[in-house]
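Here's a solo chain for you in structure tokens, the form predicted on its own.
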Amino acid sequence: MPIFKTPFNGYSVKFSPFYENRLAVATAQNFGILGNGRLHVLSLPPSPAAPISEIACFDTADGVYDLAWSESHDSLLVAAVADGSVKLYDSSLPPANNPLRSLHEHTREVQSVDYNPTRRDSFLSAAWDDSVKLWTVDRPASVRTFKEHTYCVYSAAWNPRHADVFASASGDCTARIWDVREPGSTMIIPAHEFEILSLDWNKYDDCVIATASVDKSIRVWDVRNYRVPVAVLNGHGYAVRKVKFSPHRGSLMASCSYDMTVCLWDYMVEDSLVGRYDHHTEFAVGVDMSVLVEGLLASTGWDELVYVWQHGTDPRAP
């Protein structure tokens, strides 16, 4: 598969839930420390020999750390921006008409956004101001703010089946389960002894989550009994930056790490590490698995490269 070069450092990559050949990439200048950002919408070629083409790109005055595709509108994207804003873009409209909206309530960098796959009109933002916010597309202000974490919230993710339930992961070393109908979190999981940078729900078991940590491990938890993890996945050499469950196989997940690798895991088998890819030459910080094409992976990193490949093939192969 071809490779796409971005002008800034890659932070997040997401496949479209509507088009199997489309993906978006969030990037930040100067490794996200200071400078501009850019959101790219890309089209994969029909032939691996052809280049990846850019459908649209949107510039921001600050780095873009994460993005999420709308589940109800095929050209709508939500971006998490380092200035504390959450921005909505329509990739079918020119840059002059974007962003559609800039929602600025967080007081620190927004690290993560996630679109509700069930209700489809709402999304979450998680930020370094220790909070998670709930938004709907048609409202100019957040619906609710969730403040229980005592340090940066790095990730928030909706449950794949329950429209009111989500999980959050924080630098305070806990993962929390929330129900938006309840006044506070319904569960606190002391998942790691070091910061938790990412989490995701199993798409086939709505009681299972995976957490990824600075301690180099991924842990799988059943929220019905979370005293002991279901599995502990060791194999990364440095902090695990993202973890993502497969939309096609319940026990399969992908991860990326500051050790510059992307790994594939099957937490239900003894030799859980089923694939390792070392194509990045800097921190690998973004990974996704296509909902529409089984086995199709994408990753991005601080080497300013976006790779798309089929599991089992070499990401660098033309």
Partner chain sequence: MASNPQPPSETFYEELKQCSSIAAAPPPKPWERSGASSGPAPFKPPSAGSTSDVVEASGTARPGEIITSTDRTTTANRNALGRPVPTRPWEQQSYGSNTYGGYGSTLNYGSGYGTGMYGGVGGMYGSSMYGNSMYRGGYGGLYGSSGAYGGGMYGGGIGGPMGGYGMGMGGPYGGQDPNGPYGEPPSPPGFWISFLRVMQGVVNFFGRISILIDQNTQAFHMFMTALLQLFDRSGMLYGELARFVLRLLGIRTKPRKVHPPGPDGLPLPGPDNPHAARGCIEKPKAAPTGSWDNVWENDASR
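Numbering follows the first chain given and starts at 1. Not measured: the values here are computed from a predicted model.
The form predicted in complex with its partner chain is left out here; the points below concern that form.
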- prompt: Any of the heavy atoms of residue 181 lying within 4.5 Å of its partner chain in the model of the complex?
  reply: yes
message: Whether residue 75 contacts its partner chain in the model of the complex should be assessed with a 4.5 Å heavy atom distance threshold; does it?
response: yes
Proximity of residue 282 to its partner chain in the model of the complex, heavy atoms at 4.5 Å: yes
field: 4.5 Å heavy atom contact, residue 137 to its partner chain in the model of the complex
entry: yes
field: in the model of the complex, the residue from 218, 79, 157, 197 that sits within 4.5 Å of its partner chain by heavy atoms
entry: 197
statement: Restricting to 1 to 29, the residues within 4.5 Å of its partner chain in the model of the complex through any heavy atom are 11, 17, 18, 19, 20
